[in-house]
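Only one chain comes next, encoded as structure tokens, the form predicted on its own.
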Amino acid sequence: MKLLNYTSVYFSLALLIVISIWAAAFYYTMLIEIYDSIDDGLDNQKGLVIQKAATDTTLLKKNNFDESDYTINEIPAGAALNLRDTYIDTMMFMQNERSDEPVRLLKTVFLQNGKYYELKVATSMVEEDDLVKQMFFSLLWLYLGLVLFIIIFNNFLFKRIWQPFYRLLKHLKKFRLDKPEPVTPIKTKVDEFNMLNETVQKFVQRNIDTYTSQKHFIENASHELQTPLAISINKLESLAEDEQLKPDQLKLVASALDHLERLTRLNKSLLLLSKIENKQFAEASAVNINELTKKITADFSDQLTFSGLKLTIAEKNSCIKKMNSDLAAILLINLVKNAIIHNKAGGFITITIHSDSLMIENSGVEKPLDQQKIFSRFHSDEPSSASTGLGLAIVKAIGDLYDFNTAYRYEQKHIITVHF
């Protein structure tokens, strides 16, 4: 959710709570004022009726509500002494409405000519359910209007206020360490945005410097290692051709050659892994995974024959992905090589290609491997001199670079799936 909408939602919720509380307070305050006003009117009407009854004694016999809104009934003195002015809400039949409607009723007692009379004065009362209904709809339209105003106001004002932030965010989205471009400073009157711009500028520059330094170090270290390794291997190979060497000495030379060659492969793999993680393979093109898989497995045909492995390729769909062609080849080479190295004599390898995934199955040790560590660097349940321990780490790094989901599972066979 965008920040603009996020703040609008919270404003709307806060406004709903405030209006609800205000509506309840206003409703009860209004009711108090209505009752107070009606009761004042009943008091005034009571005085007028008593004053009129003093001059017109026929009113003392009016003991029902008909065309008027009051009744007078004579009561015993004992009962009169216990009565006080009482205001009550009740229902009364209204001729025009033809139904019982709410009224406010005043009961009082007055003395005239030595006799006590109970006076009941009634007046129409506002219907609370209608009042609540009208108030609800009025507040609903008010709330909707305010929310609409907040949304319009936010979109107009906040977009202008936050424009420097979004421009900076746009620059950062396009920024790449392998092709660094300076982040253009954005002029703004907001101090916080100026501080953010300055901080981002420094942060980006530090990352560029660190990246450049690491890149040069890795390249230099790899180059410096390759030369002495190549010289050492050449000298040992020349020494191995000496017919005067004893069998024990020849074994030592062969062992040293083996370790040096493994170190050479390890150096190349670490350099490749570093380049992948630093996103130095920027160029991308449409890669036909089906054709590339056939080509790579054909290159491993001699090794497959030597190991007595049966390879099967099942093409369910055509799979074409946009990625760096070299990385696509490296990914498949490492998957196939891993399936060959960690297999058993006379075993099998099955590669299944779907439009959005590639699955490679192979026989091997009859137990599941650690799903949490299988793609880690240098992890191997059965260390092999032919393996650097970085093959699946490289596969995972390439997958992460292109947001592929790389997973392992065991179902009486080892299965690695790359979901493109």
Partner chain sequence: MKILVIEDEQGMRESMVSSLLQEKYVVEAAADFYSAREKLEVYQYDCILLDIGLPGGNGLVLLEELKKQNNTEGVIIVSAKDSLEDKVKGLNLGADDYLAKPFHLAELHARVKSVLRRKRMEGSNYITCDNLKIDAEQRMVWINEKELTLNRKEYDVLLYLVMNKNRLVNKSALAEHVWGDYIDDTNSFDFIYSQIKNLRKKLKDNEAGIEIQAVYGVGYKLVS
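Predicted model only: the values in this text are computed from it and were never measured. Positions refer to the first chain, counted from 1.
The protein also exists as the form predicted together with the partner chain; that form is not presented, and the subsequent description refers to it.
Although the partner is absent from the chain shown here, none of Lys279, Ser285 and Lys316 has a heavy atom within 4.5 Å of the partner chain in the model of the complex. The stretch among 154-162, 336-344, 192-200, 107-115 whose residues place heavy atoms within 4.5 Å of the partner chain in the model of the complex is 336-344. Although the partner is absent from this view, Ala79 stays clear of the partner chain in the model of the complex, with no non-hydrogen atom inside 4.5 angstroms. Put simply, Lys321 is far from the partner chain in the model of the complex: not one heavy atom of it is within 4.5 Å.
Contact check for Arg167: no non-hydrogen atom falls within 4.5 Å of the partner chain in the model of the complex. Mapping the unseen interface onto this chain, Phe300 counts among the residues with a heavy atom inside 4.5 Å of the partner chain in the model of the complex.
Residue Arg265 is the only one of Arg265, Lys133, Lys294, Lys310 with a heavy atom lying within 4.5 Å of the partner chain in the model of the complex. This chain lacks the partner; the member of Gln214, Thr86, Asn234, Gln205 within 4.5 angstroms of the partner chain in the model of the complex by a non-hydrogen atom is Asn234.
Along 243-257, a non-hydrogen atom within 4.5 Å of the partner chain in the model of the complex is carried by Glu243, Leu250, Lys251, Ala254, Leu257, in order along the sequence.
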